[in-house]
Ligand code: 6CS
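Below sits a lone chain in structure tokens, taken as the form predicted on its own.
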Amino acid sequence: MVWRNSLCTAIALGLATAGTQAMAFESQSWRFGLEEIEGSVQYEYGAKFAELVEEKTDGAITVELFPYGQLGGLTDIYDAAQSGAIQLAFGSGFLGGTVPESQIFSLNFVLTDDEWTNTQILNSDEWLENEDFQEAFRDRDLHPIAVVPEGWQVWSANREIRTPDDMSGLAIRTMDNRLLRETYQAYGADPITIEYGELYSALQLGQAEGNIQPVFAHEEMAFYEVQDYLIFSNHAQFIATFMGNKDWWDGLTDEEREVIIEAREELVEYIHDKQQQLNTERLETIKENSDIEIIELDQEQRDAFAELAHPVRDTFVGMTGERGERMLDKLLELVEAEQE
């Protein structure tokens, strides 16, 4: 899977883009629901996607972005995408209630330690076009288009955490996702579910003692202001699926679908670099504006958590059946191939 510095790919994409630009597209607007606010990784992705679509269709097709809050809560976004009220949406941890198999991205210590490698795996044809992955979404009136890792998940807490014992009894906020709840129960914590927009006040009031977010979210939602520690364990990345309404996708012309595929391919490296930039910049902002302590777990410490997380894979299979088991086997196969 070679993405960088590929002259042949660049030429092919250039020719394909020229071809789509020459087409006559029907004037239309696509509505795109985001789980995050303006300035986030999802917003950066959406804004670039909108730019590419408009460019490739000579302005005939526009994309209207709806940052978090404009369409209601997270499940409201998924409902709107399923019903066709919006054409496009992002879905991440909360999506597990709608597409249980999507919780595969919530499993800890499954992917490699390298973010770029993970991005390539999750956007390869072997994964994106895998029948089980496709049908898991399509059975729920959705169509998966791309997978977007948004950076390492980072723990925050009001206590120092280096071992599972340190997490014992911690009231840590997780998304409404059984797999996440069972993972943190395995670590000894007490996971609780709180709506994203209510999380700051919950941390401030002590209703939650810990949190799990990529760095950019810790900063943009100011969660770090009411936490004492940021703990880097590289246990999982925050991963969102870029998806469309199934009937809308199926009703697209070949040319319209090609526009989306071209944009998706161009966005793989773009958003990887953008999320790394955002997370690096936001961490510096956190350091400059607080006295929060940064903890980085070593391999031995990570291994202690990984051992506890491993049985949760069986929980995932029990929840999702044979399809989920095949998906997990496929993902582990792709990861293993990259680590050889």
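Residue indices: 1-based, along the sequence shown. Quick caveat, the model's predicted, so the values are computed rather than measured.
Although not depicted, the form predicted together with this ligand is the subject of the following passage.
Handout entry: Options 245-253, 208-216, 129-137, 108-116; stretch whose heavy atom lies within 4.5 Å of this ligand in the predicted bound form
Key = That would be stretch 208-216.
Exercise for the section: Answer for Ile260 alone: is it within 4.5 Å of this ligand in the predicted bound form, judged on heavy atom distances? Expected result: Taking the distances in the predicted bound form, the answer for Ile260 is no, it never comes within 4.5 Å of this ligand.
Practice task
Could you confirm whether Asn123 comes within 4.5 Å of this ligand in the predicted bound form, counting heavy atoms only?
Solution key: Flag for Asn123 set to no.
Problem - Contact test in the predicted bound form: Glu35 vs this ligand, heavy atoms, 4.5 Å - result: Yes, Glu35 lies within 4.5 Å of this ligand in the predicted bound form.
Problem - in the predicted bound form, Tyr196 touching this ligand (heavy atom, 4.5 Å) - result: Within the cut-off, so yes.
Practice task
Let me know the one among Leu74, Leu203, Val154, Leu142 whose heavy atoms come within 4.5 Å of this ligand in the predicted bound form, would you?
Solution key: That would be Leu74.
Handout entry: Contact residue in the predicted bound form, from Val226, Ala146, Met175, Ile172 (heavy atom within 4.5 Å of this ligand)
Key = The residue from Val226, Ala146, Met175, Ile172 that makes the contact is Met175.
Problem - Stretch 109-145: residues contacting this ligand in the predicted bound form, 4.5 Å heavy atom cut-off - result: Result: empty, none.
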